[in-house]
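Next comes just one chain, in structure tokens: the form predicted alone.
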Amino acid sequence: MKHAQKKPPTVLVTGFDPFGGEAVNPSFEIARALDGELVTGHRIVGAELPTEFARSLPALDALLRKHRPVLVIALGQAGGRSGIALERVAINLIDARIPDNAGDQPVDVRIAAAGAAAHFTTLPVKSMLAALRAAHIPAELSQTAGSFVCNQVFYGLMHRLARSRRRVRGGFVHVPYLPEQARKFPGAASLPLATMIAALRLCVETALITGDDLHYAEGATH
């Protein structure tokens, strides 16, 4: 009698649908490209979240229940960023500069009424930064994920993982425009999709193989 083959553990990578009048969102294009890949014995599931305050976290909850990932990296587009931005902290605040895709524009609203003021990423972001720079991919640590749906998902993810009985690493990464998007904004930075896919694959690999994160001051010399 043959034994059923054990499924590899899952890494969940999410991106958002286009918003703000854009026809494409690089965050989901990256997640879609990585869907089904095997990285250090883990299978990546790429999924799309709606850029809507009311629907994004329920959609994330459904993905967490279905796939029971050991690692979650949520992605979002941040036009104006010059490279891959590894987010460090999510704040318990929605303050929308523009409406979401459902037309909602909450201002000064808490994400979790009884939640902490902020949650930190549990990804090894300094190790990830070092790996990206070693691969000559523009990258930086970021101290703010804003206050739009990206931050809501980041905070909501970390709030859920903090209360989970399972040990699951998670965090958020912002990506810049694609070149075809940046053409509409003179001077705006961008990265090719292939570069961003390689960057996130490297982020996943680094998060899976790294225990304790590196400890050094950003910008320090060695």
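Quick note: we count residues from 1 along the sequence shown, nothing fancier. Computed from a predicted structure; not experimentally measured.
What follows is about the form predicted together with a small molecule, which we do not show.
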{"property": "Three-residue site Ile73, Arg88 and Gly171 fully in contact with the small molecule in the model of the complex at 4.5 Å by heavy atom", "result": "no"}
{"property": "The single option of Cys150, Leu123, Ile94, Ile84 touching the small molecule in the model of the complex, heavy atom within 4.5 Å", "result": "Cys150"}
{"property": "Interface membership of Asn25, the small molecule in the model of the complex, 4.5 Å heavy atom rule", "result": "yes"}
{"property": "The small molecule contact at Ser56 in the model of the complex, heavy atom, 4.5 Å", "result": "no"}
{"property": "Touches the small molecule in the model of the complex: Ser190 (any heavy atom, 4.5 Å)", "result": "no"}
